[in-house]
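Coming up is one lone chain in C-alpha cells, specifically the form predicted alone.
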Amino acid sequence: MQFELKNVSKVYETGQENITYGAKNINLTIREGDFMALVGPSGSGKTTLLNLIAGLLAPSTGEVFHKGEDITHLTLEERTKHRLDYMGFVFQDYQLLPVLTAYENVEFPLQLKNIDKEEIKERVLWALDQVGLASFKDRFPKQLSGGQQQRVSIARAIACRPSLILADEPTANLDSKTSQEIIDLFKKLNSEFNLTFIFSTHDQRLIDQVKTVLYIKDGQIADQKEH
C-alpha cells in the first residue's frame, strides 16, 4: 500500500447552516502500480482529492498515510520535501519555464534535491529518452508542439524517480492522436516501472484505458469500476 486516506474531509466554507465540502468522508487506498482515474463534473471534488493526496491541502478531518506513516500533520516544509521525494506532477498546461530548454526544465526540480551533477545529467537524459525526446533536449518550449511539451513535463515528473504521479487533465489540450500517444506513454511507464498514476480527467479515451475509475460526486466517491 502506498497511500491511504481514512475518513478524509475538506471543508472550504462553514457557517451555521452552510458547509461546503471539497471532499467528504473519503476512504481510499492507493496501491503500488495503480492506474486510476478520478471522474466527475467540474466542482465535484476531483482536484481537491488530488491536492489532499499531494499534501497541497491539509484535510479538515481524517488522516492521510504514506507507507503506513501518518503524514496528515506534516509542516508546510515537510510536505514540500515529501512531494519532492515521492511524487511527480503532470498538468493540463504543461507548466514549463519558457526561458529554459527541455533539458533544463527536466533538470530544474532535480537541482532542488541533494544530487550530484553527474547523476542529475544521467537522470535527465534517461527521462528524456523514455519520452522519446532525447534529440530535442536543447529546444525551448516554444519550439515544441503541445504533445512534445507534455512529454517534457512527463520527463520532468519521472526524472525525480517518484513512486506516484498525479496528473490533472493531462490530455485536455491535445488532439485525439496526440492524446492517445500520451496515454500510451503513461501505460508504458506504468507497466515497465510499476509507476502509480492517478488522473483527474474528462477524457473518455483515458477513462476507458485506466485500471480503476473512481466517480466523484459532491466531494464523495459515488462509485468505483475496475477494467
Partner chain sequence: MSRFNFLFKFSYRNIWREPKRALIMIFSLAIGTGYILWVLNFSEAGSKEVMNDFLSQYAGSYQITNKDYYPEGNTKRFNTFATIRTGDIPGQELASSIPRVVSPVFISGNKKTLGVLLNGTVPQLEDKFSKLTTAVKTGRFVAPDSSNEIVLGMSLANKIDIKIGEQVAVIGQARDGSVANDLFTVVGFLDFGGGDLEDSLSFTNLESAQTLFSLDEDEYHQRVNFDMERNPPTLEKLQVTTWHQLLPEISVSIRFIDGFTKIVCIVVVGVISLGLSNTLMISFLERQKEFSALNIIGANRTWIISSLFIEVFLTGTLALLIGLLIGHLCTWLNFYYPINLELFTSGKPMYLGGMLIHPYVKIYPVSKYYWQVAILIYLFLIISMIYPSYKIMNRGKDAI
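Here the structure is a predicted model, which means the values were calculated and not measured. Positions refer to the first chain, counted from 1.
Quick note: we don't show the form predicted together with the partner chain, though the next part is all about it.
With the partner chain left out of view, the stretch that reaches within 4.5 Å of it through heavy atoms in the predicted complex is, among 31-39, 187-195, 174-182, 55-63, 55-63. Contact check for D129: no non-hydrogen atom falls within 4.5 Å of the partner chain in the predicted complex. Though the partner is left out of this view, Q148 does not reach within 4.5 Å of the partner chain in the predicted complex, counting heavy atoms only.
A residue is said to contact a partner when one of its heavy atoms sits within 4.5 Å of a partner heavy atom; F91 meets this definition for the partner chain in the predicted complex. At a distance threshold of 4.5 angstroms between non-hydrogen atoms, R123 is out of contact with the partner chain in the predicted complex.
Contact here is defined as any heavy atom lying within 4.5 Å of the partner chain in the predicted complex, and by that definition each of L84, V99 and E104 is a contact residue. Shown here without the partner chain, the chain has F140, R156 in 134-165 lying with a heavy atom within 4.5 Å of that partner in the predicted complex.
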